[in-house]
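Form predicted on its own, single chain, as structure tokens, below.
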């Protein structure tokens, strides 16, 4: 163990054993150097490691602040097999997010999921009865890796055409959620050190996927119409960009929508530089005007690989997503999927197909559009009335990306608020480094208007009284 690792480990133990608490300042650089008999530069390296691990927030203006006690399996001793694998990693943002999904907190603004009260239960119950009375053998059987043919047909006709995407069923791969599709596409297009362009901020899960493949992420700013064109063209000119990851509609975490003119301009740049776009359209069903995603503006799909999911429209627990790509790309991705999970669950695929063919899709989408836009407007008005800044001017979607008062760190506030039954997602997870350390993502999709009013009122009281 090097000197800076020894210092970092000592401070980490102080935090985990309760000697230091969330919101506490670490001892000064001088005092820490004296305590561990090391140089001040060694102390700074230790602080950098603690920040990377998520324990502290540090700028050069002051000593670090304890902001989090990452979940760690304290009771797990290294095994003979695992002893050489290094330190047990802290939980990731996604694992923390999935834990929040099961939280009993009264005001859960953290997890991005549709409102369970909007589930089309009657139609789904009818589909289930039919499957388990008429198709039992098929329900419990293996299915093709690419996806059941008639399910891909239903996705093509009853779902993708609503987004303007004309895709042959053979150009569709069914995945276990769209994040799996993004993982496989990234594996195909980018490797260690390759450059991937994203919007800033962007989906935390995508950043985690790109990091797992060793890719270098170049996060570019957005303006009122979407990803800024000048930085994008500069990146494409001066960097060896392997793919561009974009969310064109109701982006996570900002709920921003890329204008139609900007979509055309981005696609033109992509064609000029021959760099593929990976378009994540998870929230596109909420669009009511200028609804065409990039894939719809790219007939034949020569430049855009398109991702979508039923998690935001129907139910996340079904784990049914899809990739639309040229047929040869789908073939490569299918081979990759065989290694991962063989095929997406047969019963969930058939459940999705039954619902898509139920005749209720149009009505369900219209209701979702009305409910979610109303909730976002309510939350946006409340946040702005409290003097807080919202990223952009979202009109619908699941999320608000909110800038905290400058004295407040999101991780420290997160711990404080969680103990008072208010959850949200710290903004740093949606950027590179600590770019958004004083931002939070608020998800309003699964809360009633009354709960949004009451939960945000409680959060605002905490902001007014919180002492970091």
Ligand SMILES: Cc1ncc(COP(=O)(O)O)c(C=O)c1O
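Keep in mind that this is a model prediction, so the values were computed, not measured. Positions refer to the first chain, counted from 1.
Keep in mind that the form predicted together with the ligand is missing from the display, and what follows is about it.
Contact here is defined as any heavy atom lying within 4.5 Å of the ligand in the predicted complex, and by that definition not a single one of 184, 243 and 295 is a contact residue. Contact with the ligand, judged by heavy atoms within 4.5 Å in the predicted complex, is confined among 158-166, 340-348, 281-289, 225-233 to 281-289. Proximity of residue 309 to the ligand in the predicted complex falls within the 4.5 Å heavy atom cutoff.
Interface residue remark: residue 399 is counted as part of the site for the ligand in the predicted complex, having a heavy atom within 4.5 Å. Remark: residue 177 counts among the residues lining the ligand in the predicted complex, judged by a heavy atom distance of 4.5 Å or less. Though the partner is left out of this view, residue 252 does reach within 4.5 Å of the ligand in the predicted complex, counting heavy atoms only. Taking a 4.5 Å heavy atom cutoff to the ligand in the predicted complex, the contact residue among 319, 152, 303, 263 is 319. The partner is absent here; in the predicted complex, the one residue of 355, 210, 107, 203 having a heavy atom within 4.5 Å of the ligand is 203. Along 136-173, a non-hydrogen atom within 4.5 Å of the ligand in the predicted complex is carried by no residue at all.
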